[in-house]
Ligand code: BG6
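Below you will find one chain, with nothing else, as structure tokens; this is the form predicted on its own, and questions on how it binds or moves follow later.
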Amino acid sequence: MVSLMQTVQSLCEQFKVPGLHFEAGQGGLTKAVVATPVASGEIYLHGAHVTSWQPAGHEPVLWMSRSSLFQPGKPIRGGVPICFPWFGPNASDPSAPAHGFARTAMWEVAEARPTAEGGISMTLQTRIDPFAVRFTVEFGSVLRMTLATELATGVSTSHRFEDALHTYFSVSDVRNISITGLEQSRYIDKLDGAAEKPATGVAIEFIGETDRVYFDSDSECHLHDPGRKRTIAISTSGSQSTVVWNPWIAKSARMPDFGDHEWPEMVCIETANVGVNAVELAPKSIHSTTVVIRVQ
């Protein structure tokens, strides 16, 4: 059996890119560490999970729970989990893991290279039958993430999937932030029996637990955080859904991998294709879900 240190050493030898190295992360899981003049970041091979991105001159952008589990077979809490090939519970198999297999799968590094602006681009890949999936992350002055999905070789019929880049943003206090860009989108309110509700026409603000799926939402969103004196812009392509989530007090207390008092520090704005926006993928075609995150 190949040891963790042998795996780390092999990756370091295979991908000799300035500003990139591999090491043992929390729980003995392998991670890639990016440290360049334009940005720093981390991505675990477990789940192809981005756990950190900090552009030069700014505070960290992603939030991680201090209670997160780092164990094989368990999802990491915070950062950017990949939900695939379904979102939430599996409609036909209640015993299947929530949000699919991608976030607990072991991914392999397919490519690592420097970018033109001095950052690092990494591509990880895995197979989740009947799909072959590649996840490319560019750590730079912006964070660009693309989940590219195609049917595996030999699959001759179309298959349907849902996906989400379940991004946790670090905020000063969720009660004092707002999100613009979704004012004209209808949504499903998962806290009201999945009732469909019309567009509100106003910015999103938080006064309690929030769990909404906005449909046909392909416009740029802005997360306004006056406490941090920053705005985070989130632009997407290949994504027709946006999920906005904060567990608030009671739900965070029920989650063993989420600290009871951490909920004010985060908000999720998820780039997704779920529900009525699920993707029907034909043979020999590729669907790419991309999000670009900028700090303004």
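In case it trips you up, residue 1 is the first one in the sequence shown, and so on. This structure is a prediction, so every number in the text was calculated from the model and none was measured.
Keep in mind that the form predicted in complex with the ligand is not shown, yet the notes after this line are about it.
J.: Can you check 40 to 48, 64 to 72, 231 to 239, 247 to 255 and let me know which stretch has heavy atoms within 4.5 Å of the ligand in the predicted complex?
T.: Only one stretch passes the 4.5 Å heavy-atom test: 247 to 255.
J.: Any chance 87, 166 and 190 all have a heavy atom within 4.5 Å of the ligand in the predicted complex?
T.: Per the other structure, all of 87, 166 and 190 touch the ligand.
J.: Please tell me whether any heavy atom belonging to residue 243 falls inside 4.5 Å of a heavy atom of the ligand, as the geometry stands in the predicted complex.
T.: Contact check for residue 243: yes, within 4.5 Å of the ligand in the predicted complex.
J.: Are any of the heavy atoms in residue 225 no more than 4.5 Å from a heavy atom of the ligand in the predicted complex?
T.: Residue 225: no contact with the ligand in the predicted complex.
J.: Looking in the predicted complex, any heavy atom of residue 128 within 4.5 Å of the ligand?
T.: Contact check for residue 128: no, nothing within 4.5 Å of the ligand in the predicted complex.
J.: Any of the heavy atoms of residue 103 lying within 4.5 Å of the ligand in the predicted complex?
T.: Looking in the predicted complex, residue contacts with the ligand include residue 103, since a heavy atom lies within 4.5 Å.
J.: From the list 98, 194, 152, 110, which entry has a heavy atom within 4.5 Å of the ligand in the predicted complex?
T.: It is 98 that has a heavy atom within 4.5 Å of the partner.
J.: Can you name the residues of 202 to 217 that have a heavy atom within 4.5 Å of the ligand in the predicted complex?
T.: If the 4.5 Å heavy-atom criterion is applied to the ligand in the predicted complex, 202 to 217 yields only 211.
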